[in-house]
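The chain below stands alone and is given as structure tokens, in the form predicted on its own.
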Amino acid sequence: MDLISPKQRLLDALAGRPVDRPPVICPGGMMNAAVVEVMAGRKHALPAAHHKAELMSGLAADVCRETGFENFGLPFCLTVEAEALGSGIDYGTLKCEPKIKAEPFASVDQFEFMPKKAIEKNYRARAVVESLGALRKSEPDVPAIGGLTGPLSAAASLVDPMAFLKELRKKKDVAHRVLDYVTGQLIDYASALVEGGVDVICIADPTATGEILGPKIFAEYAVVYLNRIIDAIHAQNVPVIVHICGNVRAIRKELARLGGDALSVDSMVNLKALKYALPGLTTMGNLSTYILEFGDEGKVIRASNGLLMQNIDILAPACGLSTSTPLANIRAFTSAVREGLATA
């Protein structure tokens, strides 16, 4: 029997304090575990649960209970902020997550700025805040994690992404104005999440990869605007997890400048080596979602054991889970972490 609550374990791990074992979580947002096997035949299911607070909190509770992940995580996608700021959204199906249907702007030159707090006034964002608050009240020992889209990913969901990435280099002044605005909107929304009662915020910025940006642009944009959001959340005494996709080798030095409490990375990253290169880094991840979807339970357990032997601080999927991921494999992962170096 665990001696401390899942919430306390996660908060201790994020603060760098000793824990009895690593937490095992799936924080929501880009990294959510609302797989088909959890939802099929139930009232709390997508796509309806993208919109209604009652369904949203019910599904988050189902995910926590059925998978063994030790947290509540919302929302179930990365489109909430983009929709609130003007993007068209395809809400998907039970088997397919939402996606951006249409970016409203072809270039940063065409960008139109909305009033402050536009995100938190959006009905889906309000549902996320309400749901997380309700979950935290109903299960205070389970950490409620609010997912936040990172500034570059949010901006690339508003401006045609190919144009936006080019304009980070060619139209820097205007690109910075757009990112300054998007960052301010994200900070306002993060404050609403904090006021609603979240325990942790996880920022996922899949556009901000070293492979896409390179170290110079990553430092100029991603580090600056991510840290602005992190600082604002820290000022409200809430810890922050940052997820960066892809191979981080080219941006390793820049990652050291991020002010988050833990860094989550993709499965291609050697977390043991990253911990060695960045002393004091709290690491999160990074079980391959390919193994979780296509491996058998034995392979999942062996991969989980490998992460445990590397003393990774927080165990989690390396990226977004496919909705077709077998529930048995997810349970094999979470059970292996709770039991410690299980035998496959």
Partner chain sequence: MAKIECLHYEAEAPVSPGGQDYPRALDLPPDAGRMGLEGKESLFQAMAKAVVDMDEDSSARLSEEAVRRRYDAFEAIDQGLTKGMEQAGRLFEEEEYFVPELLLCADAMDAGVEVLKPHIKKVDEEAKCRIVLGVISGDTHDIGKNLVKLMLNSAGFEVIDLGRDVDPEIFIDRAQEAGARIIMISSLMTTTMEGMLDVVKILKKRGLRDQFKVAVGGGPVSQAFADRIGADAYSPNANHAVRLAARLSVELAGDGTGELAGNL
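Numbering follows the first chain given and starts at 1. These numbers were taken from a predicted model, which means no experiment stands behind them.
There is also a form predicted in complex with the partner chain; it is not shown, and the following applies to it.
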Original post:
Quick one: is residue 125 in contact with the partner chain in the predicted bound form, heavy atoms, 4.5 Å cut-off?
Top reply: no
Original post:
With the partner left out of view, is residue 214 within 4.5 angstroms of the partner chain in the predicted bound form by any non-hydrogen atom?
Top reply: yes
Subject >> Distance check, residue 97 to the partner chain in the predicted bound form, heavy atom within 4.5 Å >> reply: yes
Original post:
residue 312: heavy atom within 4.5 Å of the partner chain in the predicted bound form?
Top reply: no
Original post:
Is the partner chain close enough to 113, 137 and 234 in the predicted bound form that each of the three has a heavy atom within 4.5 Å of it?
Top reply: no
Original post:
Pick from 289 to 297, 274 to 282, 48 to 56, 64 to 72: which stretch has a heavy atom within 4.5 Å of the partner chain in the predicted bound form?
Top reply: 289 to 297
Original post:
Tell me, which of 184, 133, 86, 161 has a heavy atom within 4.5 angstroms of the partner chain in the predicted bound form?
Top reply: 161
**OP:** Identify, from the list 249, 176, 228, 121, the residue with a heavy atom within 4.5 Å of the partner chain in the predicted bound form.
**Re:** 249
Subject >> in the predicted bound form, residues of 152 to 171 near the partner chain [heavy atom within 4.5 Å] >> reply: 161, 162, 165, 166, 169, 170
